[in-house]
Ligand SMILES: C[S@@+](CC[C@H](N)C(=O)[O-])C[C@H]1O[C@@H](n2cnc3c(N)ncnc32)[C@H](O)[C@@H]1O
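Next up: just one chain, as structure tokens, the form predicted on its own.
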């Protein structure tokens, strides 16, 4: 790691991301680095995965040296992390705690598919140290779930949320997707209302993206399904923002709403504000002091490298000052707190205010904050301000 990136190590917040690359089936819209049992091949398995991930945690400690780096957040994503036994996830968390220490009141999140947990599993997650669960709800309409190739039924979400609360979890997120072919505005409202009925303290809502190479993309290309419509997507976003706000969830990032600052996903906030994190697992990305690297993608190759005692990293890039400025704008402009104006093109900011894309009052206080219309056009606004 370059000396420049080591400078200041320990003065910035530090986090861990742990990627669990296993799924029972591959959803038609998904292009994440995940593998079903038939896709794994020899050299990798769920049973041994915790040991492999722990080996990378220990390697991280050696690479980062003796710097005091109490971990503020841990996020376990996938794939479907909850295909591993809860005790296995707990062992990985213990390794992070033993090697680095956890900060006081550290946030520890796992993603979960609703059908992958039961009441005992959720209770055990709480016992081994998890503080937050993010469930992939996606929709409350069966025909929408069918297009997305999700296997849970709409009624599963209230059940798992109830188990999660009984286990002692205070923070619960529900992930939703809008713009699925065949979904109507009424379907989307019904999904939002079903999510809100369970009283989560956090909701994430993402526009469906048809990724090249997925089964969904092939269906759209063959004309079996219609591509998401941009205008409909914008309408669905506005529906979500209004309905969530009515129920006390305010946006703090373009695709994320929470009941308050304590309910916001602290792990993602560290991503968006330039913190350091180590990504464990095949295909996982890391960032320390302006150096970014990513691991080999296949679980077998990842396991083999760690078994040999060599780094699983595949490649890296070192960001210069201008790269970091642009990346900061791209990420911080997505936040309700906005981006400092001193790193922006002032003429472009003033034009964006005139166009109704940036709020004028925060600008006078040195922050560029998107309007609701600006959120709908965030990528274009970001491009003009850099």
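Residue numbers count along the first chain shown, from 1. Source: prediction; values computed, not measured.
Heads up, the form predicted in complex with the named molecule isn't pictured, but that's what we're talking about next.
Peer 1: Answer with one of 109, 268, 80, 286: the residue that has a non-hydrogen atom within 4.5 Å of the named molecule in the model of the complex.
Peer 2: It is 80.
Peer 1: Considering non-hydrogen atoms and a 4.5 Å limit, which listed residue (207, 190, 123, 304) is close to the named molecule in the model of the complex?
Peer 2: Exactly one listed residue reaches within 4.5 Å, namely 207.
Peer 1: Quick one: in the model of the complex, does every one of 61, 276 and 293 get a heavy atom within 4.5 Å of the named molecule?
Peer 2: No residue of the spot touches the named molecule in the model of the complex.
Peer 1: Quick one: does residue 241 come within 4.5 Å of the named molecule in the model of the complex, counting heavy atoms only?
Peer 2: Outside the cut-off, so no.
Peer 1: Is there a heavy atom of residue 175 lying 4.5 Å or less from a heavy atom of the named molecule in the model of the complex?
Peer 2: Yes.
Peer 1: If we define contact as a non-hydrogen atom of the residue within 4.5 angstroms of the partner, is residue 49 a contact of the named molecule in the model of the complex?
Peer 2: Taking the distances in the model of the complex, the answer for residue 49 is no, it never comes within 4.5 Å of the named molecule.
Peer 1: Is there any non-hydrogen atom of residue 235 lying within 4.5 Å of the named molecule in the model of the complex?
Peer 2: Judged by the heavy-atom cut-off of 4.5 Å, residue 235 is well away from the named molecule in the model of the complex.
Peer 1: Quick check for you: of 153-161, 295-303, 175-183, 245-253, which stretch puts a non-hydrogen atom within 4.5 Å of the named molecule in the model of the complex?
Peer 2: Of the stretches listed, the one contacting the partner is 175-183.
Peer 1: Suppose contact means any heavy atom within 4.5 Å; which members of 21-43 contact the named molecule in the model of the complex?
Peer 2: Heavy-atom contacts to the named molecule in the model of the complex: 29, 30, 32.
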